[in-house]
Every structure is written in C-alpha cells, then in structure tokens.
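Next comes just one chain, in structure tokens: the form predicted on its own.
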C-alpha cells in the first residue's frame, strides 16, 4: 500500500499577535517541534493520532478543505505524528495543514511551490479558525523567521535574517481556548474602545519595528528583545486575552530570570513563551513550572534549519 508523508514545523509569535489580525506587523519564528502527517489510501476520510488535544470534527473539515483545494477526489486515512503539541499558540493546526498538503503532493508527485502550498494550507486553516490572519500557515510553509503583515489585497511577509539561535521555554497553561474565540473577543474590545485600541495598535507596531531591527543586527541584544516581549504582554493584558493561568506561568518564568515572557498566539490560556539564555537556563524554568503543576518544554529557533 502506498504511503506518503509531509512535515512542517510549529511556530511562536515573538511580537505582534492579535494586532496582526487588524494589519499590524508581527514577527514569527519557526521552532524545532514538528508536525508529521502520514497518508494512506482508504475508501473514506479518516483521521487518527496519538497526539492529544486534537478536535476530530475540525480536523476532518480541514482535510476536506485541502482535498477540495487540490481538486483531489480520492479519500485517505490521515495520521498525525511528530512532537509538536496541539495546544494554542504553537501553530499546530497550520503545521498540520502544511504537512498534509505536502504529503498529498508527495503522493501524487506534484511539484508545488511554497506559494501554492501556503495557499492550499490556508484553506485548511479556515476550518480551525474561521478568519485566520494567514501568519501561521506562512511560517509553517517557509520556516525561518518572518515579519508578516495581513493585507486584504494579499498578505505580505519578508524573511528576517537572524544569525544566531534563540532558546525558548514553552509553558502550557492547560487551558484550551480556540483562537477564533479570542480573535472575536479582541474585535469586540476594538469596537467598544476604538481610540484605546488604536493607541495599543500603534505601540505594537513600534515593538515589532524595534524587534526586527534588533534581531537582524550583527550582535542582537537579547535582553532588549526580552523587554519588548514584556511590553507586548502588557498590550495583550490590556485587550483582555491574558488569563490568571497565563499570568501565573509568566510570573514563574520571570522569577526564574527569563529574559522576557508573554503569551504566544491567541491567549485565553494556551501557551506562554519565555526567551532564555540557553538550554541549561531553560531546564531550570521547566523544572519550576512542572513543580507548580504546569507542563513545559524546551524549543529552539535555528537560523540554519530548513523546512
């Protein structure tokens, strides 16, 4: 029986999430944790995984969307593997969509460009998030580091040139909150507080601008990046997407000397992100989080990692 696989990495948003939905730039980095999708022909669409936290109904819809976008009438058993947790903030649904698109392309021997893969994967993302910015599927497709901007006429992004690895701790709150729900909450906040939201938006745009300049410098000052992350978290608190669980995880991270800590992704629980000095530093923070009842893992951005 013919088997085909596809792979894509997860992501973190270093700066700019939620504001990106409204046209602000955002900086996203591909991380070392990956989604691996394996497909085999079947007489119906079937999805299996041992990775916890998936929502079969949404996943099956995403599979159908991708098959339709690729004009494929065949049916498959789709199995999700890999070490990317399916929790909020790490781009797991986008990584799944990109992995599935690549698996199907490999199955049929299609030579798809990254641009086409990204376009197809976005159709899958619609099943999960309703109105996604497009950032997650873009970073899952292209990897590396990108500065992204949503645009009604076509999303824009540029690859950032980083010359050093970045080390992170991913702290899992254990609270699941669909990104679409949090995006709707922020849009409601915006509608009720237009002037305040614009002020916060402008601050977020400035953080992203400063962050991209620092990251692309010859010797990036990671302490400055950490301070920008902390300021970004203040903005996320202001628009109401940070829960007490998010705040507790972030407090532990900072108490253990994280350079910066914030929500990554939708918030309302999900995942928190800490920038750390190295793996040894990460291990100390992970131990403290686990002692406090939270799951946590180490991840790294590597400028040399290929998609």
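Residue numbers count along the first chain shown, from 1. From a predicted model like this one, the values you see are computed outputs, not experimental measurements.
There is another form of this protein, the form predicted together with a small molecule, and it is not shown here; the text below is about that form.
### Task
Verify the contact flag for residue 132: yes if a non-hydrogen atom of it lies within 4.5 Å of a non-hydrogen atom of the small molecule in the predicted complex, no if not.
The answer is yes: residue 132 has a heavy atom within 4.5 Å of the small molecule.
*asked:* Check residue 266 for me: does it contact the small molecule in the predicted complex (non-hydrogen atoms, 4.5 angstroms)?
replied: Judged by the heavy-atom cut-off of 4.5 Å, residue 266 is in contact with the small molecule in the predicted complex.
Contact between residue 225 and the small molecule in the predicted complex at 4.5 Å, heavy atoms? Answer no; every heavy atom of residue 225 is more than 4.5 Å from the small molecule in the predicted complex.
query: Are any of the heavy atoms in residue 286 no more than 4.5 Å from a heavy atom of the small molecule in the predicted complex?
result: Contact check for residue 286: no, nothing within 4.5 Å of the small molecule in the predicted complex.
Worksheet item: Which single stretch, out of 135-143, 102-110, 168-176, 153-161, brings residue heavy atoms within 4.5 Å of the small molecule in the predicted complex?
Response: The contacting stretch here is 135-143.
**Request:** Work out which of 200, 208, 215, 183 lies within 4.5 Å of the small molecule in the predicted complex, going by heavy atoms.
**Result:** Selected residue: 183.
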